[in-house]
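A single chain comes next, written as structure tokens; it is the form predicted on its own.
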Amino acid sequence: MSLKPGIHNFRTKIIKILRSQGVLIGLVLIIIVASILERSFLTASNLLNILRQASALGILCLGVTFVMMTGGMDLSVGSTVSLCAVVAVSMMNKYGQGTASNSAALLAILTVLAIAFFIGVTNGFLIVLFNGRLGETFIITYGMQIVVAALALLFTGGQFIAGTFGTGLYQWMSSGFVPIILFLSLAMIMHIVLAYTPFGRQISFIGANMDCARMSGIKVSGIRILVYGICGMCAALTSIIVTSRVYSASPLQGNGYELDAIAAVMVGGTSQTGGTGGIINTILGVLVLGVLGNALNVIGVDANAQLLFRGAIILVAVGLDMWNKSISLKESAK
């Protein structure tokens, strides 16, 4: 039995709204429910806290977005955060005393950016070498995750590193609105690159159909290697913000960051197989996870129970991705 035209049109409109604005609707619903259950949720101090905490992960998610847009995956970003964290704090402890704090901070930041870029480029080179698709990128970056995690443990002897350096540029990186401004500024730049430049369009084309992109003359290998390098540098910036906030570093600092980043990017609507998505989507995904995590904490939900909510959101994101693909295939077949 077919639906009446009015009901069919209404259903079609609802589906279009859910496909285009589903993440934003979910974010608004979380905010409404949390503010009803706990009045302190909507206070200025709590909202600032949400944005500051989300900004560190958000910067990492920007790099992961670029990688996923090419149809790849990077599981090594969490370990990269850990390695960069212990290197940066160790350098600050050694060189950042007194008036040398600002120059040491600049040196530490540039050093970890270089280390992370090298890790990312190595990932990209290995993936290109084996002509890796989604499955191969998963395995290769998982192997790199283990290698980099081991380096972080060897570097510190498995020990926590407390900060002993002076105040200055390094701690300024996590103060007030600075991490929020850094996140949004970088997001704006990367959005412009992805949406409005030939390089960004080539990234999307590679994710949509790598073989066609190669036959079109796009330098697929070089772009993929560079994208992984960019992702690595985003991980380095995340490590700086996190360690400057807690004034310490651990060889396990970034554990789980890779899964949180992938989850946020997918929740935002970037496809796990590449080609569709974008930076604006990722910002919404980061806010959804950040607001949800904070709301559960404020309401007083047990930490173990919170994992259920996060897992459910990831499953919903995967389901929506598959649903969108099935609808797109039906539309293209008409």
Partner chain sequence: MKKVVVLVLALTTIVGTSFAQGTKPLKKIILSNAYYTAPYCAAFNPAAIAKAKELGYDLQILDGEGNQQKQLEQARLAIAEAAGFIYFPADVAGSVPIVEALNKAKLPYVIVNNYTLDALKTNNVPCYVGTNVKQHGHNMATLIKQLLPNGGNLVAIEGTAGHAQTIAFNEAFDEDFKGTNIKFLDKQPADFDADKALNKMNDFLTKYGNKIDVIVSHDGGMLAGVISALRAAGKLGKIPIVCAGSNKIIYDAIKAGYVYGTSTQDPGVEGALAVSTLIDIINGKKVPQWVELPIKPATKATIDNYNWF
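Positions refer to the first chain, counted from 1. What you see is a predicted model; the values in this text were computed from it and never measured. The term rigid core refers to the most C-alpha atoms you can superpose between the two forms while keeping them within 1.5 Å.
There is another form of the same protein, the form predicted in complex with the partner chain; it is not shown, and what comes next is about it.
- The candidate spot formed by 158, 162 and 247 lies fully in contact with the partner chain in the model of the complex, as each residue has a heavy atom within 4.5 Å of it.
- Checking 29, 36, 299, 308 against the partner chain in the model of the complex, a heavy atom within 4.5 Å turns up for just one residue: 299.
- For the options 257, 205, 183, 170, the residue carrying a heavy atom within 4.5 angstroms of the partner chain in the model of the complex is 257.
- Look at 261 to 269, 47 to 55, 280 to 288, 66 to 74: in the model of the complex, residues with non-hydrogen atoms within 4.5 angstroms of the partner chain sit in 47 to 55.
- Taking the partner from elsewhere, residue 40 is found to have a heavy atom lying within 4.5 Å of the partner chain in the model of the complex.
- Contact between residue 187 and the partner chain in the model of the complex is not found at the 4.5 Å heavy atom cutoff.
- In the model of the complex, the partner chain lies within 4.5 Å of some heavy atom of residue 294.
- In the model of the complex, at least one heavy atom of residue 153 sits within 4.5 Å of the partner chain.
- Of the residues in 110 to 140, none comes within 4.5 Å of the partner chain in the model of the complex through any heavy atom.
- After superposing the rigid core, the Cα of residue 45 is displaced by less than 2 Å between this form and the one not shown.
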